[in-house]
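Single chain ahead, written as structure tokens, the form predicted alone.
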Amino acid sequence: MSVPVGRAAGVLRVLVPVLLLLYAVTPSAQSGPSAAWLAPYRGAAATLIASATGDDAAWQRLAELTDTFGPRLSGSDNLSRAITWAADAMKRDGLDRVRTEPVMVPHWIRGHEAAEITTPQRDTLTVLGLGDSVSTPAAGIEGEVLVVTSFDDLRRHATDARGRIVLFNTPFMTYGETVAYRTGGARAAAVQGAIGALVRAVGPMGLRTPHTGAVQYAQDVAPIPSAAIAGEDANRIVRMVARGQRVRVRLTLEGHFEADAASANVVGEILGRERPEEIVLLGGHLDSWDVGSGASDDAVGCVVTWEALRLMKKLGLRPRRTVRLVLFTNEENGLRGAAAYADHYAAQARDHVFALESDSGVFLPAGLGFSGSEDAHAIIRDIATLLAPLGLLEVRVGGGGADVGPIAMAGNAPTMAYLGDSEKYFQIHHTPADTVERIAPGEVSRAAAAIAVMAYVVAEMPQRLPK
């Protein structure tokens, strides 16, 4: 449940100054072996945190983005209008060198879709076609359901799959473990002669909420239509089959591709005062799936990284290096924005000092993840001590993201991720429930504060972060 905006902002205005005071006078907060080198940054860090958490401006921007433009699938008018709005708003914020950098993106349209049990009785299933899925014939497809729990289970029942609709009933463990059935289930089922594939929603059990997301086909196997069904519907089918009932399902999908569409990455900067050619990169992706309003995935990631630059501008903080914000396009079903950015800045890849992506939500309890050398990690751990008022001290091993990954790899740059609570994030991930009501204002402000401090110090240090 979200905290009311006014109450959250009021609580933050009271608590943050107290926490900052306690932090300033607590010996353990400044007793680390590297604490001395942080002294020049403590004032700026405290000011950034106080400013970020002193109001709900970031949450209000998130609400404006999601309310005004809704879901923003690549190729859609909603995304195009959001790109124009974001560039205009960055200019109003006073960011430097604001621009849009063109990218051609895939344009998949969902169309009408439906699923129902036809035998042993008729009943509607809650369904979402998987992104990029091929369509069914106009009349749909109908077949008996074969329930499997894994790819190995499918191979053991290969002779039973021909002419049937395969249901991958794999309970959610972690996203990395379970998403393989969304991306590869249709391909594996098609190899065995199935006519369609259903995937149990990739996420914790919600309120009969299916999760969409991209399906991937193989060039040497004819694609079959694929959709996600809610966990409750999957459980029901499994129980019926376990009782010896033959369950038949009719599936109708109209998903199809149209010609690639014009889109763009949105870029804004705080230009470095001494080493403008060296880049501290922040970002998230502005596109989303076409259900819900893409608030957590990933409008909030765009807003909290954007807010870091807005705060620096507002407070007159211009670090040595350039802090660059990129709102990437087409993360969800193509990563063409990431590829275009890496291509465009290939010659400057080595000048990318650090790259932070926010694409895991901001739900509490949150954390930071880092990928880089041990020398770099030691510095990042020191900087994280400045985040004590936010409760963020530990920096986990492993951080980055799909959008910043290509340029970071090309330049061997250290990477970081802001990591919201995964259970809360994946419960609404790629669902109609991904709306701003699920996100508390304080969670947004806290993430923006942490990112602003981390980016500012890395951009301001005399020496660049080691590779």
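Start at 1 with the first residue shown and count on from there. Here the structure is a predicted model, which is why all the values come from computation and not from measurement.
Another form exists, predicted together with a further copy of the same chain; not displayed. Remarks below refer to it.
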| query | finding |
| --- | --- |
| Segment that reaches a further copy of the same chain in the predicted bound form - one of 412-420, 437-445, 397-405, 47-55, heavy atoms within 4.5 Å | 437-445 |
| Contacting member of 207, 378, 221, 262, with respect to a further copy of the same chain in the predicted bound form [4.5 Å, heavy atom] | 207 |
| Sole residue of 367, 71, 276, 143 within 4.5 Å of a further copy of the same chain in the predicted bound form, by heavy atom | 71 |
| Contact flag, residue 59 vs a further copy of the same chain in the predicted bound form, heavy atom cut 4.5 Å | yes |
| a further copy of the same chain contact at residue 292 in the predicted bound form, heavy atom, 4.5 Å | yes |
| Heavy atom of residue 92 within 4.5 Å of a further copy of the same chain in the predicted bound form | no |
| Partner proximity in the predicted bound form: residue 118 to a further copy of the same chain, non-hydrogen atom cutoff 4.5 Å | no |
| Any residue of 110-125 that, in the predicted bound form, places a heavy atom within 4.5 Å of a further copy of the same chain | 121, 122, 123 |
